[in-house]
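Just the one chain here, the form predicted on its own, laid out as structure tokens.
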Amino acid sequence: MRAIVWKSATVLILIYVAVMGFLGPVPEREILYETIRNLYFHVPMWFTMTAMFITSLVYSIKYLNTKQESYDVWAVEFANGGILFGFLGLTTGMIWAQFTWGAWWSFDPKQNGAAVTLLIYLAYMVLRNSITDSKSRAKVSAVYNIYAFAAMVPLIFILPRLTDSLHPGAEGNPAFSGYDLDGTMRLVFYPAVIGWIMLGVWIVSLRVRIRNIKDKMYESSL
């Protein structure tokens, strides 16, 4: 029953975000103009990616403490979810950059940091697939996952703020909270963050169920 409630809430929230995102009122800002609507999609993707990677980190630590296989499954699937939303964040950001900065890729510090972060997590997947023993794979990938998250924090949240950046909130650029995110937009932006994170959790839970079914089918065939 609870699953039906929160999944229904996810659908309703994202429908609301989509409708208000494309049709709702937005403040008129120079350079941004109507592209400011991408705030409801681009920024929540990064929130969701971060939430996915944090949860993946927690499950990796739990696995190292307990050696419970289910924690490894949740860790890898949350990492997969983080990679998915990371690429969605990069894509929506590139579209936004083309219209506001005049180029798909400007080698902005935050762009570069996000790209390197995704490469680090893609290497995490390659590492997992290169180890055949399940216990060794889970242990090594859990340790790598901790280091991957430790690398993500400075790459995305610290280093870009220490250098010149086109992104809001860096080197004197006004942050969205003080420049673009007015009261009207907050009514859509905050639900967007919640809705996209809930969608990410929904996707991960489905992938875990599919993985468990495949594992049971493989065990029964032996």
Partner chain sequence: MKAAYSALAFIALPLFTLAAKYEPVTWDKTFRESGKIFVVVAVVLLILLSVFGYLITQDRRISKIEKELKNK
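Keep in mind the model is a prediction, meaning the values are calculated, not measured. Residue numbers count along the first chain shown, from 1.
This protein has a second form, the form predicted in complex with the partner chain, left out of what is shown; the following refers to that one.
S.K.: Please check if P191 has a heavy atom lying within 4.5 Å of any heavy atom of the partner chain in the model of the complex.
M.R.: Close contact is absent here: in the model of the complex, P191 is far from the partner chain, nothing within 4.5 Å, heavy atoms only.
S.K.: Is V5 a contact residue for the partner chain in the model of the complex, using a 4.5 Å heavy atom cut-off?
M.R.: Heavy-atom contact with the partner chain at 4.5 Å: absent for V5.
S.K.: Is the gap between L39 and the partner chain in the model of the complex 4.5 Å or less for some heavy atom pair?
M.R.: No - in the model of the complex, heavy atoms of L39 and the partner chain never come within 4.5 Å of each other.
S.K.: At 4.5 Å between heavy atoms, is M185 in contact with the partner chain in the model of the complex?
M.R.: It does not: once the partner chain is placed as it appears in the model of the complex, M185 has no heavy atom within 4.5 Å of it.
S.K.: Quick one: name the residues from 11-28 with any non-hydrogen atom within 4.5 angstroms of the partner chain in the model of the complex.
M.R.: Sequence-ordered list: V11, L14, I15, A18, V19, F22, L23, G24, V26, P27, E28.
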